[in-house]
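First, one chain by itself: the form predicted on its own, in structure tokens.
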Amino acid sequence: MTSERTRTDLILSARGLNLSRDGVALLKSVSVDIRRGSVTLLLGYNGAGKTLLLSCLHGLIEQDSGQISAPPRDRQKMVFQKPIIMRRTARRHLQFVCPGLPDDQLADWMKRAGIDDRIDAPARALSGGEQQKLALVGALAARPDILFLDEPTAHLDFAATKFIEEMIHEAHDQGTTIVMTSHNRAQAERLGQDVLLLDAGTLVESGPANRFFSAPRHPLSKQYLEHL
């Protein structure tokens, strides 16, 4: 995330991203570099533009100006804070998001998520935590190069949060690059290797997580950490 990075170090690079809606600037000349194989935490207050930036980087929203270099969309996955769940059984949902996934692997992912007993239940009848697990294993089963996670453990209980963090660690160990948002400082410190801090659509600070949490450089970063 520094200027001396070589292109081979990076899996994603964005330059000068601008996005406005109804005359209001939501992203302002945002430039980011994401290291290949890293876990990057995107932090900021509510309304800072974190989800918009994730959506732009993933290609769900087209920025007004700026450039993004990233893996092809079929090598990316994104899991939202409120997961997108199909009107079908949990089994059929996984078959849809991971076409060609062998039945034994599908069953294994469901078992690891602890929801194998719900495999033929309507996916939308699952609890919030179960739906988030289903969405995450559906993304991970596709073995993406880069995974975007928008508050993946928001409003979840301890057991569901623990499972999702374990899956994030496992995916990272297997080489998946992860970019995620979080409002949980302890979680950000546990998982993060790099940090991007947004404030009102502007990138305030970026750098190694250990430096950011121990010695933030920008006054807004210090203020944010005092309230995180």
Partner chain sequence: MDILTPFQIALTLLATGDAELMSTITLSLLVSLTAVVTSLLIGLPLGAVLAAYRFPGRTPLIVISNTFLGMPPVVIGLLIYLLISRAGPFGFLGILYTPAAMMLAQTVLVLPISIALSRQAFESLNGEYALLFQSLGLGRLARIRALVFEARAALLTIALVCFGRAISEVGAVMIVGGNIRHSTRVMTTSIALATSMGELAYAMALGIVLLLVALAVNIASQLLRNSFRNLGHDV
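Positions refer to the first chain, counted from 1. Keep in mind the model is a prediction, meaning the values are calculated, not measured.
Same protein, other form: the form predicted in complex with its partner chain, not shown, and the subject of what follows.
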Taking its partner chain as it sits in the model of the complex, is S127 in contact with it (heavy atom to heavy atom, 4.5 Å or less)? no
Is there any non-hydrogen atom of H155 lying within 4.5 Å of its partner chain in the model of the complex? no
Check A70 for me: does it contact its partner chain in the model of the complex (non-hydrogen atoms, 4.5 angstroms)? no
P122: heavy atom within 4.5 Å of its partner chain in the model of the complex? yes
Check F163, I178 and L191: does every one of them have a heavy atom within 4.5 Å of its partner chain in the model of the complex? no
Which listed residue (G59, G47, G66, G37) meets the criterion of a heavy atom within 4.5 Å of its partner chain in the model of the complex? G59
From I115, I146, I85, L140: within 4.5 Å of its partner chain in the model of the complex by heavy atoms is I85
Of the listed stretches (167-175, 183-191, 38-46, 51-59), which one has a non-hydrogen atom within 4.5 Å of its partner chain in the model of the complex? 51-59
Using a 4.5 Å cut-off on heavy atoms, which residues of 88-112 contact its partner chain in the model of the complex? R88, T89, R92, F96, V97
